[in-house]
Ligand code: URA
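In structure tokens, the next block holds one chain alone, the form predicted alone.
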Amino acid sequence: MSKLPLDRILQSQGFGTRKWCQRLIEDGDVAIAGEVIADTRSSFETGNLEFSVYGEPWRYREHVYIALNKPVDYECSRKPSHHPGVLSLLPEQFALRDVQPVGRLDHDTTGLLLMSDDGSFIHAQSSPKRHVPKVYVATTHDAVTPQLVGHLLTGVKLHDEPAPLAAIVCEKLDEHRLKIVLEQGKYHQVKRMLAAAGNHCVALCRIQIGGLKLETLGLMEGEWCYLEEPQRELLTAA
């Protein structure tokens, strides 16, 4: 961490242009440790820095790492076309600091979605070479049968893939739900695999990435939280 002028700190955290951040300070809208800071030339160490803007508390973060429990009918795009974008579920400061989804979930798919403004993190998490298992619960149109589970485990052929794709784990949960664990992350993979195996996916939820479980985050649909380093380390664990 380093020592930065307060207006640059606010700008880096997504509070607007540097000129706008200077105005926030001059108007007395920024406080540190309960003390209003009105001098735009004031500088502070960014390590563990806590401040408030309009009375709302914030902590300085060089980068943000976010877990969102994505609801249905939200698009994982900065420029959504048919449904609201997932960024609309976050404070507006995150859009200004270029937070974006790590990979995508379809608009009708729910569950664990990672978001960040750290390009290296996004690239690492999105790389197909990492083979991080992702766990889904799929609801099917027709009943789940042993034959369906067997097909998904042995592999099904998709028309644009050179080799069959197979689930690492596939377990029947009840009459119309199964748990599927995949590594590849191909386009619409769960839905296409179910279709190729003779069924149809009517609902899909991602419940885990690596060792990070949506359940342990305690997020209701539409809620988000910061991922601290111990939680991010779980993303590389099976």
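Counting begins at 1, following the sequence as shown. Since the model is a prediction, treat every value here as computed from it, not as a measurement.
The following text describes the form predicted in complex with the named molecule, which does not appear among the structures shown.
Undergrad: The chain here is shown without the named molecule. Which stretch in 207-215, 55-63, 40-48, 183-191 comes within 4.5 angstroms of it in the predicted complex, by heavy atom distance?
TA: Selected range: 183-191.
Undergrad: Tell me, which of 142, 98, 161, 106 has a heavy atom within 4.5 angstroms of the named molecule in the predicted complex?
TA: Among 142, 98, 161, 106, a heavy atom within 4.5 Å of the named molecule in the predicted complex occurs only for 106.
Undergrad: Can residue 74 be called a contact residue for the named molecule in the predicted complex at 4.5 Å between heavy atoms?
TA: So residue 74 does not count as contacting the named molecule.
Undergrad: Only counting heavy atoms and a 4.5 Å limit, does any residue of 129-158 reach the named molecule in the predicted complex, and if so which ones?
TA: Only 136 sits within 4.5 Å of the partner.
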